[in-house]
Structure formats: C-alpha cells, structure tokens
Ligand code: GLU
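Single chain ahead, by itself, as structure tokens, in the form predicted on its own.
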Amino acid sequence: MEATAKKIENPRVRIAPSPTGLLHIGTVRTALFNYLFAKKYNGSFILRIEDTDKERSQREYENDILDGLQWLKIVWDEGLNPEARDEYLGDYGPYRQSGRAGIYQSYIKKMLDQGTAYYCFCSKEDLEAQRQYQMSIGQAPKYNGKCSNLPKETVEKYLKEGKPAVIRFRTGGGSVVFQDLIKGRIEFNSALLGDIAIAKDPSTPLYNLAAVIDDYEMKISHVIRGEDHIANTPKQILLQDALGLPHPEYAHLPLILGPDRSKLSKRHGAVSVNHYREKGYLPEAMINFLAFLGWNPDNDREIYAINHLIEEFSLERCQKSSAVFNLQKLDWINGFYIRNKSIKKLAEMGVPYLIEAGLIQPIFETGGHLAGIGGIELGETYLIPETKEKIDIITLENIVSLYQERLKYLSELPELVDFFFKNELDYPQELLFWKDMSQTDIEKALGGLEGVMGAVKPNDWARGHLEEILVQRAAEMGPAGDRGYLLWPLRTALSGKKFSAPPFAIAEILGKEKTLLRLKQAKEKLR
C-alpha cells in the first residue's frame, strides 16, 4: 500500500454532495480527507453538486454547503465559483448535474443501443409485491427481470403511450473484485444485485450512473468517500465496464458513530456544520477534530494545523474500523485554540455573541469598524442597554480575558459575563453562604468588605492590591483561617454566580463605585 501511495502524482479527487439538506459532519469529514489527499500529492480537489433530485434539491442547501466549506477553508480547485455561484471554475463543467443532461443522454443512448440497458415498465405496486414475495421465501430482494426481454415493438408502443418507465442495467452474474485503498481486497457477487435502475429517462440518470459518467468526464483518479458507499462500488464498476471506461481507485472511509457505537445522529451532536459555527467553534478546531475521525498519525500528537495535516496525511493511516464522534473531545480541542488566541482577537470574535445576547450595542464614534460574523459590525465603543453606560473595547478585552481559560466555545461567553452589564443582580440568597455560615456571618462579611474596600484609594484600585489586602483580611476573619468566609460572599455578591472569575479581577473591572453598590445590594437581598 505504501508503495502505491508514493507513486501518486497530481490526483484528481472530488466531493459530490446533494443539496437536499444542510451540510453534515460526515460530508465535511469526507471533503477534508479528499482535500488533504489532493494537496499532499499536488493534485486537484473538485466540488460537484449532485442535484438531479429536482424535488428535494434546493439552492439554500447548496449555499449552506459552499458557505460551510469556505468557513472551514476547505478550498476547492474546480466547481462552483464561490464568489459568483452561477459560474464555474475549471475545464470540466458544468459542475451541477442539473446542467449535464446532454452529456448523460449520449451515454444512456449508447447503453440502450448496445442492449446493456433496457426500459422497465413495472409499476411500483408490482415491484413492491416482488420484493415482499422474495423476502417471504428468504431471498434477498432484487428485480426479477420481467421487462428485460420485451420485444422492441412492445417497448416502442409503451413509450409512445407514455407508460411510466425507468431504465435498467443488465447486471449479469459473476464476481466484482476491487482493491480498496483502505479496506483492502473486496469481492462482491453481482448476481445478488439484479438488474439495477440507472435512469429515470434518457437524459436523467440516477446516482450510480451519473457518478460513473461524471467521474470519467472530470478525469477523477481517486474516489474517496464514506464506507456507506461500498455497496455502490460494484455497481459502478459494472457500469464502467459496460461503457468501456477505466476504473478510478477507490478508498472508503470508516463510518462515524456516536459514543454508544450507534449510527451518528442529532442526539450525539451530529447537527449541521453551520450549527457549530454559530455556537462558536473555531474552524481550525473543527478541522483538527474531523481529521481524527478515521485517521491517526504515527505518533501521540493531537493538535495539528492544516499545513501539518497535509504533510502527515495518507490513506494508509486511515483506520478500517468505525470512528467515534466525541463532543467532549471537540470541546477540548476548541478550548485549546481559544486559549491560544490573542485577547484582542478573542474579544473581537466574542463581541458578536455579546451583541446578539443584547448585552451591548456598537457605537461608531470614530466612523471605523471591523466586520464581525453574521453581518454584525465590531466597533471601538459600545453602549450597555441596561445601564445606559458606555464601554470601550479595552474593557471588553479585559472581561473576555477572565474567561479565556475556561471557554469551550464562544457562545458560552454571554452567560459567563452577563453580570458586568447589569444594574442589579438577581441571585438566590443561598449562593452567598459558604459552608455553615449563618445569615449573621454573611452580613458581617459583607459589612467588613464594604469597610475594607471602601477605604481603598481610587489610585490603588487594582487587582493585585485588592487581592493583597482582602486575602489578609479573609485569613483573619474566617475560622481556622478559612478564607472562603470572606471571599465566597465577595465573589457571589459581585457576580451572582456559583462559579466565576476571581473576585479581585471582577472588582477591578467593575470599579470601586459599582463594587460597593453590589455589596450593598447583596446585603439588601439577605433582608
């Protein structure tokens, strides 16, 4: 296998999604592996849209596919022009199947003329009856060939009458053998297939025939796709042989399963790629995570930039067994990339989520702005709607910095920091209590905090100084030096949350006046 990989030069690979739904994790994983393979061997990556299902195909789904791949920076060399999507990049278009009817027509005519394909006029009811009968006697359901030898005159008569028909391929018998670049040797008995339907009419092929024709016409050298397509490969090889076309190399990627080893579904987190984008997962984290769904490097390294993935990638390191979608692993990887962002960049990425949550509104005093996600503009100054105060980008950076270490994804940010943008906090009284503290203890702690912090000079209101004086005071106040008797009420009074950033950092950002007001409000809540 390794020797084969070394001989690969300028391969042509493709991803061919149907625009019948939102871009799915499995489709993106397949696109990524094709992209890595193409770039590793100086080849071309083609994006082809399989939209022959006219009833279900929609342009909004097509746009979702293109938008998702662009967000992830999985860039195609040929296909729909991402900037002008009714135009094509490359010399082998159209890259939408709906625009290739004339090409398909010549191949279907050839098969009908040479007798490798024929019209089938069996009704859906007849086919369902055949299927149920075969299953009742323990046979695998397949077409029984009822229309395979109709006289030419009968076929012409039925067609002239407009009788509904499909076009079937004479599958024949014997074994189909191919060498899968991941799975190894695969053999299939074609007699089990029956004569498969390959076209709705003389210009509208079904999936298997369309894929064969398009792969040949677009000079695809390697077909890298999910394991769920293995059953289609023998059919496509038989069609290639019938048309006198060469076989591309095939590689079938392992299935992606949920943590319980069942088929991946929404309950496992397998939602559309755009969902992850909106939730605040970073594209580089998604790429890193998806690369490990069915591929393993020859080391224990878990963090890979895209250029390193291209260098390391090979089909030989793709696993044969199924991959498991682990949302906790994705969260960990995304957290790593968040922690490695500069505070300036992270705040820039987080601000749109604060705006969407209604915590801030942009003000463009300087007239300049940066473009944010989802069409939201990022400025230098913002308004806090609840308090009617202004807040600058530097303060927002300071707020975001407090939670950089604990963020798993960006949409968590508003819930973590919302207390910075409120006039008054609404928290359960029990949050203020540390261990077995009584209400008298809490009132004493809050009163002591007011006294100590109220005495701090404005010029000394800084995180380091606050921590120094409060830690010392806490050690003196709590039984057996338990600092929680002072610091727990302080943190919950300032944030209203069970878990938050250190209280000294919160107080520094809130400022002296607002900090003292929060302590007073907390005392009032106790009463």
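These numbers were taken from a predicted model, which means no experiment stands behind them. The numbering used is simple: start at 1 and walk along the sequence shown.
Although it is not shown, the form predicted together with the named molecule is what the next lines describe.
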Taking 16, 207 and 229 together, does each of them reach the named molecule in the model of the complex with some heavy atom inside 4.5 Å? yes
Find out whether any non-hydrogen atom of residue 50 is located within 4.5 angstroms of the named molecule in the model of the complex, and reply yes or no. yes
Heavy atom contact within 4.5 Å of the named molecule in the model of the complex, the stretch among 308-316, 342-350, 135-143, 221-229: 221-229
